[in-house]
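Heads up, the chain below is alone and in the form predicted on its own; it's given as structure tokens.
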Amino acid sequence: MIQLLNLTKYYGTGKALQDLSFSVAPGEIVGLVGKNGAGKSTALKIISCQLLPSEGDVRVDGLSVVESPLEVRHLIGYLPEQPPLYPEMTVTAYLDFTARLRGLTASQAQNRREIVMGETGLSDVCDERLGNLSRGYQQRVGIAQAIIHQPRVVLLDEPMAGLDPFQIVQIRELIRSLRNRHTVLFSSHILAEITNVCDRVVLIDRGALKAQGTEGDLHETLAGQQRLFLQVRGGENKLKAVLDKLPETRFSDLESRNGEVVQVHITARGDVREILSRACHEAGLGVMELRTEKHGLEDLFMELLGKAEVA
């Protein structure tokens, strides 16, 4: 349903996107993940025909955003990072307005408005002015306007940004409800929510694809890497000297307590527990705790980006 084909975008001499290619199947929900400035919003703006690519193309249901932008726009519903709301309008008036902009007749607009307000939980606030709504309800209105014309593709740019935990759960369930009726591509920094909502994750960094797949697929990408937690007694400098000598090993979050007890998270290629334990003993460090840790999605995110940067 969505195909990015060697997509490149320049802003001046800088590259926002670099030869980016991935696809989204019909009815799939895919999360686009990356750091600030990774190119997520640029990619969504090109897919939604707000920007033209410098090189490459995007196809939506087989139509090119370069050759057939008007036709592509009919297929897409889009929620930018800042919902395009008019604060003086009521929910009802705004959804009628956006439906008419999308080419629906007055009767069609009224029918679709009632349906999407029910789907997005807006019926109880239908007469409220948009400017008086909470951030969570404003996001609901933003999603409602994106789906009011029954688009085949829904693009959501950071739909959970600025929400409290309760609102995040609500928006998560709302996005889930779009599955199968729409193809959904959304960007987010809230990594814990990605696997709760998405079928797959696409990880980009500096405009380039770094990894994609399910959380299980990303774990496979890091196959052979081991993550350890180590706590020793004997001093920070001694521990650093030990870790610096271990091949293909990185460490982070090193913390020292009173300069004596030190703990650290370690990522290593292969199983280094025996070697690490022996090296600590030979350096005069007392091993208080050494255990393996499972890669969470945040760990995967950092490891894959770190791996890509080293490469």
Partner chain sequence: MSNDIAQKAGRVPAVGSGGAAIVLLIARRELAGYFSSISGYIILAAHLLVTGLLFNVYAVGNNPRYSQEVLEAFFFFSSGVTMITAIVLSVRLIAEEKQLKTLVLLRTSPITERQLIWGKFLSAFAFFALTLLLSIYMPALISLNGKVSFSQIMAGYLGLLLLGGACISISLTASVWSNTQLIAGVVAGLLVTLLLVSWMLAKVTEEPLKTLFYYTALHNMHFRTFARGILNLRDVVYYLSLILLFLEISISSLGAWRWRG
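Since this is a predicted model, take the numbers as computed values, not measurements. Numbering follows the first chain given and starts at 1.
This next part talks about the form predicted in complex with the partner chain, which is not shown.
Using a 4.5 Å cut-off to the partner chain in the predicted complex, not one of F186, R200 and G216 places a heavy atom inside that distance. At least one heavy atom of L101 is located within 4.5 Å of the partner chain in the predicted complex. Contact check for P69: a non-hydrogen atom falls within 4.5 Å of the partner chain in the predicted complex. Looking at L85, you'd find a heavy atom of it within 4.5 angstroms of the partner chain in the predicted complex.
Though the partner is left out of this view, F229 does not reach within 4.5 Å of the partner chain in the predicted complex, counting heavy atoms only. Screening 113-121, 93-101, 163-171, 235-243 for residues having heavy atoms within 4.5 Å of the partner chain in the predicted complex returns a single hit, 93-101. Distance criterion of 4.5 Å from any heavy atom to the partner chain in the predicted complex singles out C49 from the list L254, C49, A279, V261.
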